[in-house]
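Quick setup: one chain, the form predicted on its own, written in structure tokens, and binding and motion questions come after.
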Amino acid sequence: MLRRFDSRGVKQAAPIGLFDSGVGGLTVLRELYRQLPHESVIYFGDTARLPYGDRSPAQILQYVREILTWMEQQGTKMVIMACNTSSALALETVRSEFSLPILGLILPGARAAVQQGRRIGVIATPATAASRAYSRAILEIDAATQVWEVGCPEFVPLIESDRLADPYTAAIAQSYLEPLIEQQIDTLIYGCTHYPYLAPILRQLLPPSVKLVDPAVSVIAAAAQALDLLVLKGVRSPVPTRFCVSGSPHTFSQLAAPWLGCTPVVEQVMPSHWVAQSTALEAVE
């Protein structure tokens, strides 16, 4: 549940924060542009620490806390976790720690999938699949639905390396989809925001009757409802999206350009204390 907070003094023109481990969140950003054209956005890609899918829950929680703290400092009015791993492992905890509205992908995606079918497959990062977050959310909505989740550790590195046309990527996709096809799924959830980039490959491999569900569509619809409820929806022309990354701005800019239709200006944001905290945490792990 979203917690209502005192919106007095908060400008409707304030930006929405949106973050992911890399370029995957651009699929959510694209949907935000479509549904909420009057909103300004700060996009953060934690490219220095991707992929998130093989990180521990403690590491993911630490990363999310750091990013949300920074987002608060930037004056965002809402934050959307454009990352299924973060949504699965950290959303409930950080919602109780931060005052701004925070939305995740799991519940909106689960609701959309249940409306489409009863034999639902989920392809996700290993961390998201291991959390069983989608299975729990789907079964809470409809206990009669059957769900199968498959961890796909190679997808994010392949996409971030711009290897969509590589035959190896298609071969890996086939290996991940085979157990779901054997279960005769009727619906497939993109359990990672990177995965819509694989749509042409997945569509070729899946039976034509299988419906694809992109949680980005539903989470942005939920964001629009929340902004209305909180009287925070933007009503004027937005400022250009601010793109920030923790890794190489040039690498992100080049990889993002085909999906955005332009080459974005990207700045590096990686305060030294983030590195120190993360290094210490990983040493403990």
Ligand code: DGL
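The structure displayed is predicted, hence computed values, not measured ones. Numbers for residues come from their place in the sequence shown, where the first is 1.
There is another form of this protein, the form predicted together with the ligand, and it is not shown here; the text below is about that form.
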V122: touches the ligand in the predicted complex, heavy atom cutoff 4.5 angstroms
no
Counting only non-hydrogen atoms and a 4.5 angstroms cut-off, does L50 reach the ligand in the predicted complex?
yes
Give a yes/no on whether A133 approaches the ligand to within 4.5 Å in the predicted complex, heavy atoms considered.
no
Interface membership of I80, the ligand in the predicted complex, 4.5 Å heavy atom rule
no
At 4.5 Å between heavy atoms, only one of the stretches 138-146, 190-198, 112-120, 71-79 reaches the ligand in the predicted complex; which one is it?
190-198
Interface check vs the ligand in the predicted complex: of I185, A90, A129, V156, the one with a heavy atom inside 4.5 Å is V156
